[in-house]
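Before any questions on how it binds or moves, here is one chain, the form predicted alone, in structure tokens.
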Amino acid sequence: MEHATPFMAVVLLVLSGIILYNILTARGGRDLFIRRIPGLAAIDEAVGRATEMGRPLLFSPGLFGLGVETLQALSVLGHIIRLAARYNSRVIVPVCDAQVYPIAEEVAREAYNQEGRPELYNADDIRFLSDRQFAYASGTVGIMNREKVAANFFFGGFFAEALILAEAGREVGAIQVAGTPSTTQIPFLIAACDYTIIGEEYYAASAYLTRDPVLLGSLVGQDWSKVALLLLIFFGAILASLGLLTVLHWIQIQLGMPAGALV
């Protein structure tokens, strides 16, 4: 805000107000609308299928370190474990990063506690495999085959091992849901997984699944803000084509204001 022009300062205040309004609205009890995301809606189906088959689920938080992508993946992990706890199903979580490992343990423990099933938590199901890309992939594929997993969830950042994991999951007959911000791996996950969450859908996952008022209001407020910016760009283009912006620049010069002070 320190170096913003008056116009940009007003725009930032309006956009912030839109987001805060939606957060307060959601906290007030209003159910804000989010369109259905098939990949996230399929999580219940995948957990239910694994329960019916009496086989465990596998969740991979990817190969990225502790960052926004991985934290979002761990948020989804907590939701999946809470669902699995209701049906007495196991969730195996292979991890490749030493910093992510204790956080994944705590997420799993807390999820079981929230469902009132702390006895279902098994520390052996949160497994640190390796911080090497293909060693991690080999270890995860081995778990899929030994445990005969019924559902795979790949959420987080992935590299070339993404297709290896997804193909191995298809070989064991698992239903697979993937979500990643790694644009180079999205085509492979789309080809090999049953559902793939891409783009902004990945970052909307925590709000979609938890329905937390703050997350929900923030998500809807950001969407409204994008619409407002698009309208601003549209009308700005019209004003520029009509030459009205030239008038604003003339006023700016007459007032002795520096260039760009108004717009």
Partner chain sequence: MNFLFTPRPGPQVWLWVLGATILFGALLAFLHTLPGRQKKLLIVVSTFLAGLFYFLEFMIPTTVGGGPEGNFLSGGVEPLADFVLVIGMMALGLGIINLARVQGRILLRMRAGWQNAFIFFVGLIGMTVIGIMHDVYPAETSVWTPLYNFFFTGLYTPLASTTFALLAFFIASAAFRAFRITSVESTLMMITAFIVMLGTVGSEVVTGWIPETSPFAILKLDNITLWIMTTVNMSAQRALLFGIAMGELAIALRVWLSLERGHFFEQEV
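As the structure is a prediction and not an experimental result, all values here were calculated from the model. Residue numbers count along the first chain shown, from 1.
Omitted from view is the form predicted in complex with its partner chain, to which the following refers.
**OP:** Scan G199, P38, G65, G48 and let me know which has any heavy atom within 4.5 Å of its partner chain in the predicted complex.
**Re:** Selected option: G199.
Original post:
Could you tell me if Y87 has a non-hydrogen atom within 4.5 Å of its partner chain in the predicted complex?
Top reply: Contact with its partner chain, no.
Original post:
Do P102 and its partner chain come within 4.5 Å of each other in the predicted complex, heavy atoms counted?
Top reply: Yes.
**OP:** Answer yes if any heavy atom of E119 is within 4.5 Å of a heavy atom of its partner chain in the predicted complex; otherwise answer no.
**Re:** The answer is no: E119 has no heavy atom within 4.5 Å of its partner chain.
**OP:** Examine L215 and determine whether its closest non-hydrogen atom to its partner chain in the predicted complex is within 4.5 angstroms.
**Re:** It does: once its partner chain is placed as it appears in the predicted complex, L215 has a heavy atom within 4.5 Å of it.
Original post:
Does anything in 15-50 come within 4.5 Å of its partner chain in the predicted complex by heavy atoms, and if so which residues, in order?
Top reply: Residues within 4.5 Å: L15, S16, I19, L20, I23, R27.
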